[in-house]
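Only one chain is shown below, in structure tokens, and it's the form predicted alone.
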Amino acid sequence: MTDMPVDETEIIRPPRNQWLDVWDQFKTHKGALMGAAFFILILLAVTLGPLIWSIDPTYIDIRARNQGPSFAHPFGTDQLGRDTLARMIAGGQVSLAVGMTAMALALVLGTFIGVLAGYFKRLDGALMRMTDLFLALPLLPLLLVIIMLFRDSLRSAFGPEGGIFILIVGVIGITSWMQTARIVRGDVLALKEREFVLAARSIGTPAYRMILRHVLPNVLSPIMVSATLGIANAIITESALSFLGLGFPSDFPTWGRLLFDSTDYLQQYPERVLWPGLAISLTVLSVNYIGDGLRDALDPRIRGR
């Protein structure tokens, strides 16, 4: 018996990395690429900006107040002579920190509740009714009530800035987890009937290991999409609270606070409203485009077309 010749073109190649397929699909979405580039640019600007533009955002120079854009102050100055560019950089640090931290809290809560509701049938009814209750609550009045109740106690315990940061992050996080919980629950319910889950259950795999090894890795896609959208929602919510005067102290800049402080000078100095408004709008838009690109790239029905 003679050996058959081996065709070199038929040599089995190692399987392609799944994340390379995700990247190939993601980069076909032009809006997602532009959004990712802009969001990275914003992160670099607020992170490295103080090293390049070293003016103190709280420094008051009455002689330079209400100045327009110039070489000394590219974005102008406010009514107290503080540099608007330095305050925009400092405000971006706070706004993005609030957005990412609140998003992480909402994702942890939403994923935890969604997995429990989807995997354990006896918990499904109670957890989903609680989720529906939170969805039915009016968000903005609830935020205002919580802030008014706990603002002074947290300020005295953690300081003016630290207390408000903890309060705003906690308030946004505990009122933003519901959509993630419902999405994760739906995916877990579908995964429970898959063959590999049934096989793992048949050999006596404990529930906690089943969730960590088989369920959570397969619901990563909707969690990542929810993360991008959660950052945008958290930034908008923080900006709205600061615009209403219920956020950080007046001398602690955020994009929403800068927008609030600029409304009194809208007719005389309209550019003061333009800078924080553009920063909020473009950052949220870029994050939404990233979410759209991730949703398409992580969908196996679309990936590979």
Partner chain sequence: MFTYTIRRLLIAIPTLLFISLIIFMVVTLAPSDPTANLPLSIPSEVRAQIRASLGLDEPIWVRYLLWLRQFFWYEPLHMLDSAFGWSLATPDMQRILSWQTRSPVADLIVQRMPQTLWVVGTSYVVGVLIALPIGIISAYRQYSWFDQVGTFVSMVGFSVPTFFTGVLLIVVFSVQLGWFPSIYDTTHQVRDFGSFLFQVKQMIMPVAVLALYNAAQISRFMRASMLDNLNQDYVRTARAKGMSERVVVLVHVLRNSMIPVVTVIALGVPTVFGGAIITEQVFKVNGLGQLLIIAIQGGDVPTVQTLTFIFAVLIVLFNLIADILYGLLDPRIRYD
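Positions refer to the first chain, counted from 1. As the structure is a prediction and not an experimental result, all values here were calculated from the model.
Missing here is the form predicted together with the partner chain; even so, the following discussion is about that form.
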Exercise for review: Select, from the options 105-113, 215-223, 201-209, 88-96, the stretch whose residues sit within 4.5 angstroms of the partner chain in the model of the complex by heavy atom distance.
Suggested key: 215-223
Exercise for review: Tell me, yes or no, whether Gly186 is in contact with the partner chain in the model of the complex, where a contact means a heavy atom of each within 4.5 Å.
Suggested key: yes
Review point. Would Leu51 show up as a contact with the partner chain in the model of the complex if we use heavy atoms at 4.5 Å?
Key: no
Check your understanding: Would Thr101 sit within 4.5 Å of the partner chain in the model of the complex, counting heavy atoms only?
Key -> no
Check your understanding: Heavy atom to heavy atom, is Val284 within 4.5 Å of the partner chain in the model of the complex?
Key -> yes
Exercise for review: Go through Leu135, Leu123, Ile174, Ala157 and name the one with a heavy atom inside 4.5 Å of the partner chain in the model of the complex.
Suggested key: Leu135
Check your understanding: Using a 4.5 Å cut-off on heavy atoms, what residues in 124-158 are near the partner chain in the model of the complex?
Key -> Arg129, Asp132, Leu133, Leu135, Ala136, Leu137, Pro138, Leu140, Pro141, Leu142, Leu144, Val145, Met148
Revision key, fill the gap. Output row for the Gly291-Leu220 CA distance, |change| of 3 angstroms or more in the model of the complex, reads closer
Review point. Given a CA distance change of at least 3 Å, are Ala136 and Asn288 closer or farther in the model of the complex?
Key: farther
